[in-house]
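The structure tokens that follow cover one protein chain in two forms, given apart as structure 1 and structure 2.
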Structure 1
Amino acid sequence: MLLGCIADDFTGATDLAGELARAGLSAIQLNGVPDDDEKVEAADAVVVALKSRTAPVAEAVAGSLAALRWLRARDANRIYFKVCSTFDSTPQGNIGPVADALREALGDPLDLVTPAYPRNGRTVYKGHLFVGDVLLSDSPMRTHPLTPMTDANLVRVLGAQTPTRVGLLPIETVAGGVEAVRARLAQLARDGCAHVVADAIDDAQLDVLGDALAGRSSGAEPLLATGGAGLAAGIARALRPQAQSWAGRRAGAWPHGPGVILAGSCSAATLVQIEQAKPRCEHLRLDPIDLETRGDAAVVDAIDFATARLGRRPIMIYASASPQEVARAQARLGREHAAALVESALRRIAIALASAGAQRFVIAGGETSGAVTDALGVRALAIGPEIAPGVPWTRSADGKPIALALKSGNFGGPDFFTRAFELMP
């Protein structure tokens, strides 16, 4: 494995896995740390998704060390700790304590830190994180309910989270190129720094950092870096000459069986996508009030409708509805009960259709995607081609004949559903 990644939340992991795939690595995303006997395909990069961003410190450290053990048992020596590109971490943790624990377990390599992600407007200058045109501390992150960020100086923010010394790799050095960066990092390590916050304001600078860390390295020396998806992409581009894309691996085949669209997202983009897809597929609407009053029979009807039509054209089953209709269902059933009825129906439908032979699933909705992926028992996803920015095709990398496109609400253009099936690898 060229790069082992530990992500502190699920959507961050998805973002990272997509960036690694775009950089040319075969990448797998794992939902949590797998059991030792779980079979997961080999890949250039593996991203273990945790939910440790706002967990108690001890829990975040223990989970990250468990992920590290799993990755190291598969020969990963280069470790990337993926955090949010707005840092999302208060003086109480968790980035400093987790990075310290990973560092110690790896034998104390210098930890290079930067959340810079210029493509998404995150840049670091003189150690200060900017979100678009403003300092982190002047951005809406200032009043985030869980992780308010009131200081943009990352040397100070990280310094408050660790007893170790935090240094700065200034922009002038990064602009000086790979050798200048290597020399300065070696000096900072001699000076006793454990973590070094790196400036970067564009992708070329992230490439310099990636190259300085991973270019020409054999992978024998442990490496630790902490940051957003931007630095990871820089490292991945430096590793590309050593990578084997999926095409170069004996990877599991992409499933080609019948396709299904399951939509639980009521976002504006999804509603347009559903209307656009209707003339091109058989479709059925699920109504939470009907699910409440008819119970099991409504779910069985939907399963019968879909199984009878599984074939060449995809089938679409959707609970998505206009804001007025959602409000009506919520007024009658309560917000959570309405959502639970829809999610449980979509879970059962997904399971029934998979056992009836459906293999390609396009799921609309963040929560809905989580529920359906869980119901189908898929915990390892191999990342394939991108359908729309941020939404790749994925397939099970744990032996199930299932491909999944997981789209959160507002992603994708009007023709997303038809495009997805046209693009199927």
Structure 2
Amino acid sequence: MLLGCIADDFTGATDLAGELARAGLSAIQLNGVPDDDEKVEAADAVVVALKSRTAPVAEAVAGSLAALRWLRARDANRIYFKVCSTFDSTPQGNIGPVADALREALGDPLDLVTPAYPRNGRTVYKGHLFVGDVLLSDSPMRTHPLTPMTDANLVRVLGAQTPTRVGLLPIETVAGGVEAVRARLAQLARDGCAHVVADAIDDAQLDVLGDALAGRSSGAEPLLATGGAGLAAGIARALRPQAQSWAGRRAGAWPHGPGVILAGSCSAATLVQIEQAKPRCEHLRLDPIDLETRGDAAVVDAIDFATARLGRRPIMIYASASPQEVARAQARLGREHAAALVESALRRIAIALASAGAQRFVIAGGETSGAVTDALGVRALAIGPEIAPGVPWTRSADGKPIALALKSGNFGGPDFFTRAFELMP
């Protein structure tokens, strides 16, 4: 295994696996930590997808260490901790605590960190994360319902989550090439830095970082890096000459049964995508307050609405709402309880629709994707064609006739939902 990856949510995992495949490595995604005796087909890169981004810190650390043990038992010494390209976290974690735990378990290698992902408009300059041409703190992520990002300075953000020292690899050093990067990383390690945030504003700079990291490890000694899919792709391109063509990879047939869109994300991009899709879908909105007030009846009504229309046009069930509506629901129900109500409802709806014959699911939102994938019992995913940067179609690799497109809330253009079904293999 050239690269073992641990992703902190399911959409991030498919984003990563798709980029690794695009960079020339064979990749497979596993949803949750496999059992020790579970058969997993060989691949250059294996991505273990967790639901740890907003989990309690101790739970996130324990799950990540379990994934690390599984990967290490299969000779993965290059470890990539995949986080969101908007660095979703809080002052308590979970990026810092998980990265610290992985470092300690690996023998404390220096952790290079960057969420830069230019293909999706994420760049890092002077340690500050930009979304398009605005600072992260001025983007819609400022009002994220679970992980509001009000500071764009990643050295400061990560520094609040770890007792260790966080350094910066500035753009001038990255522009100086591979040897300049290696020399600076060595100096920062001598200075006591445990994590180093790296600037990058284009793919060429991510390739420099990838070359520097791949060159630091022959695979015999541990290597740790943390970031979005962009840095992982840079590492993958550096490792591509070592990639193997796995003859055993399943070709498989893609299911073409009824299509369903389930959206829990409240990102600005998802809200636009929902409005664009409405004229071409049967659609129904879930309201957390209604789910609390009417309980089971509200979920049953949604299932009845969807199953009665299944097969005519794509069905879209969404809980996405404006920041004002989200704030209103959270004020009445509490942040965690409102999210749990939506997640539970979408799990039940997904199970019911799959039982009724739905085979193609487009899911928006990391938490929603994890909940639905788990509910459908899909443990392994084969990577298919890209719908939008960071979002490929995937197919169950464990025998279930299910195709999934797991979309981070902020990813994709305005027509993403309808385009997804048009690009179905």
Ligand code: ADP
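Everything numeric in this text was worked out from a predicted model, so none of it was measured. For numbering, take structure 1's sequence and count from 1. Throughout, rigid core stands for the largest set of C-alpha atoms superposing within 1.5 Å between the two forms.
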Exercise for the section: Pick out the form predicted in complex with the ligand: structure 1 or structure 2. Expected result: 1
Exercise for the section: State yes or no: after fitting on the rigid core, is the Cα displacement of residue 409 between the two structures at least 2 Å? Expected result: yes
Exercise for the section: Spell out whether the Cα of residue 114 moves at least 2 Å between the two structures when the two forms are superposed on their rigid core. Expected result: no
Practice task
Align both forms on the core first, then report whether residue 205 has a C-alpha shift of 2 Å or more between the two structures.
Solution key: no
Exercise for the section: Let me know the CA shift of residue 399 between the two structures in Å, rounded to one decimal, core fitted. Expected result: 7.7
